[in-house]
Structure formats: C-alpha cells, structure tokens
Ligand code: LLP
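Below you will find one chain, with nothing else, as structure tokens; this is the form predicted on its own, and questions on how it binds or moves follow later.
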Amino acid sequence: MAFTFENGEWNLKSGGQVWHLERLAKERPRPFYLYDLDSVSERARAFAKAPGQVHYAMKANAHPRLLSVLRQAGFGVDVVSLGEMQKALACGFSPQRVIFSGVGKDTEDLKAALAHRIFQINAESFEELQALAVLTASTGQTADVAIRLNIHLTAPTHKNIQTATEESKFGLDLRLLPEVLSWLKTQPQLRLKALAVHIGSQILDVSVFETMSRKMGELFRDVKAQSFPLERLDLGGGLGIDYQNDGAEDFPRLQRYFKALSAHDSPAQLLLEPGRFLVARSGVLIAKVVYVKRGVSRQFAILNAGMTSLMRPALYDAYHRIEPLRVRGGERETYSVVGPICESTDVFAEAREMPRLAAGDHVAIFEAGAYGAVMANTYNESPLPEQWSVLDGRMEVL
C-alpha cells in the first residue's frame, strides 16, 4: 500500500510523486474518495497464481480507471445488473469476458445478455431459466448458462452478507436441482456449461472455501455424468480482509484461499470472482471534522461525511480504521465518530480512541475502496463524493 504515515502526516506515494493528504483535503471543501490504483495493480498480479480464470466482481468498485487497470491485467468481469454490463463493455471488456450474475435479471437484462453473446449467464432460479428458455426459443438463439446453487453452507461472516443459508434469496435451492436438470434436457437451446456458487462476503476463515469446493466438485461430477456439457465451476468470491490492520496477512491468506479452492476433485475449469480483496485497501474516504461536540458521558467527532458517502458501518456495523491526516502532539481521546445525516445510524465508530481532534481537522477512513462510492447516495440531498485516483504518478478525478 502506498498510503504512508511519515513525520506525523499521511501521504500517498506513486510513480516518484508524493501527495500530502492534508494538503489535498484543504483544497477540496467536500468529502472525497482517493484511490491508490498502483496497489490494485499489485493485487491483480498476485492473482497470476490463481487456480482458475478471474472475473472481477464489479459491484465492489466500478470506477472506470480502476476497471481499466484490471482489464489490462487480463481480468474478466462479473456483473449483477444491466447497467454494470453496459459499463463493463463501454470500458473495453470483451463480451466473452463477462459473467452476468444477479437474482433478478428481467427480460430486458436477458435480451441484452443474449444480444451481446456474453460468456456466461448465471441463472439463480428455475423461473429465470424458464424466462431465458422462452426468449431463446422465440429468437432461435442459444445461450451458455450456469446454475447458481444454494448449497446450504453458512459462511462465517456477518448475517447480512451470508448468501447460501437455507432461506437465502440467492441461488437455486439444491433440493430443486433434479427437477431443473430433467427440464433442461427438454431445452436444447440452453447449454448448461457451469455450476456456480457464492456463499457470502468478507470471509476470513478460508476453510469454508475448501468445504465449498469439495461440495461443488461432487455436484459437478454428478451432473456431468448425466450427459450435460459441463466445463466449468464458478466458485464466486467472498475472500475478505482484516479491516482492523494494514494488510500484513492479506497475501498469505490469499495463497491459502487458492489452495482451498483447489480442493475439488473434478476436471472442471475454475472461475473466480474476487472483489473486495482487490480494491478495499486501495481507497480512503477523506472528510473534515465539523465539530467536536461534548456530551454528558462521551464526545462526538462530527464529520462532513456520513452514511450517504460510506454505508458499510450503518449496514453491517462494519469497522474501518479512522486516522487524522496530521497528528499534533501525543494526546489521545475517545470519540464517537459520526456524520451529519439525520439518522441515528449515521455512525462510523463508537468509543474509538485516536489522536486528539479539533474542528477543521481532516481524517481518513481507510479500507474504503470496496462497497464505498458504489453505495453512495443523495439522502438529505447530500452531494455524491468526488472520486480521485492515482496511478503511475498521475492523479485524475472521475
């Protein structure tokens, strides 16, 4: 990571250039994101040892310059909406590098996927497959499809980002698979090329991926034996980062993740869909302290950025490191770090100890490169934060 703390202040280094974050913050009156895209390139290179073909999960961060970095690194893309698919194609991704996931693809979405002849449509229900069959039959087209399965595997992560529990909205329930396979044999225009799975997000215990891989390998062999043209296992994404540290364990964990995914005993080609691991540490959200408000039993650091800029803490009680851009003196205080939005959930951190803050100071909220700006909204008529990026010593704004 090129964000460094030296001589009491945070900087960003790239291509021989140094940007002092406090100086950048003082030049910009509103909160903004800053991305270190050199770190994204570094993490993309680490996927050269991945045991399969890599498709970046675009929902994590859809910044065009970031997408260009990953496209040039040879990645495909995993999209979950028509808008994401259109943006990926506009950013230069080949249709043959696009996987279209998502639980609610409607007729317009499916028509567009067929028109572009994308690599793979991940169907998440019998109903979606039936809609796709009607479209292809009416136009004489064929489609390569995957069935995303719900394999009833509870991932060790926050309940709001588990996606394979028994009552999850995602994926085809495993118990329906025999019926769906029997029906697919009557639909020659749909070619079942892959089985897919995604069990959740922000997972640090990689042993669950080994369990997932073995289960999917068994299913692959069973379905392949029924004369379907299966070629691939799409094992999704979900590898997390430890938000409470600066990433020293990320790359060792990545290697354990690769090993876990390779546990399947099948001839399938693997597809991987990483998101957070590639981009989370690349981004910081920079905000100004508007007031330090004294309460009866605590004090609040009130920022000019709130849940409209970064929703993860409000949605998942998610932890983010928060640091003042410049530290003066050694005094430390405990703060509730909150935003200006008219909601009690607009809180970045409770009882967080950090160097003493004063009105006018600026802070960086770290590990904000994933599920940050893509979730930003205009509630309370808040302006969307700008997005600045640095790559090879050059800074640009979106």
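In case it trips you up, residue 1 is the first one in the sequence shown, and so on. Since the structure is predicted, the reported quantities are computational estimates derived from the model, not experimental observations.
This protein has a second form, the form predicted in complex with the ligand, left out of what is shown; the following refers to that one.
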| item | value |
| --- | --- |
| The single option of Arg281, Arg232, His198, Lys288 touching the ligand in the predicted bound form, heavy atom within 4.5 Å | His198 |
| Among the candidates Leu219, Ala268, Leu271, Leu239, the residue which, in the predicted bound form, approaches the ligand to within 4.5 Å (heavy atoms) | Leu239 |
| 4.5 angstroms heavy atom contact with the ligand in the predicted bound form for Met375 | yes |
| Gly76 within 4.5 Å of the ligand in the predicted bound form, heavy atoms | no |
| In the predicted bound form, Tyr371 touching the ligand (heavy atom, 4.5 Å) | yes |
| Any non-hydrogen atom of Gly275 within 4.5 angstroms of the ligand in the predicted bound form | yes |
| Full three-residue contact with the ligand in the predicted bound form, heavy atom 4.5 Å, for Arg97, Gln120 and Arg214 | no |
| Segment assignment from 353-361, 336-344, 54-62, 36-44: heavy atom within 4.5 Å of the ligand in the predicted bound form | 54-62 |
| Residues of stretch 311-343 in contact with the ligand in the predicted bound form (4.5 Å, non-hydrogen atom) | Arg312, Tyr316 |
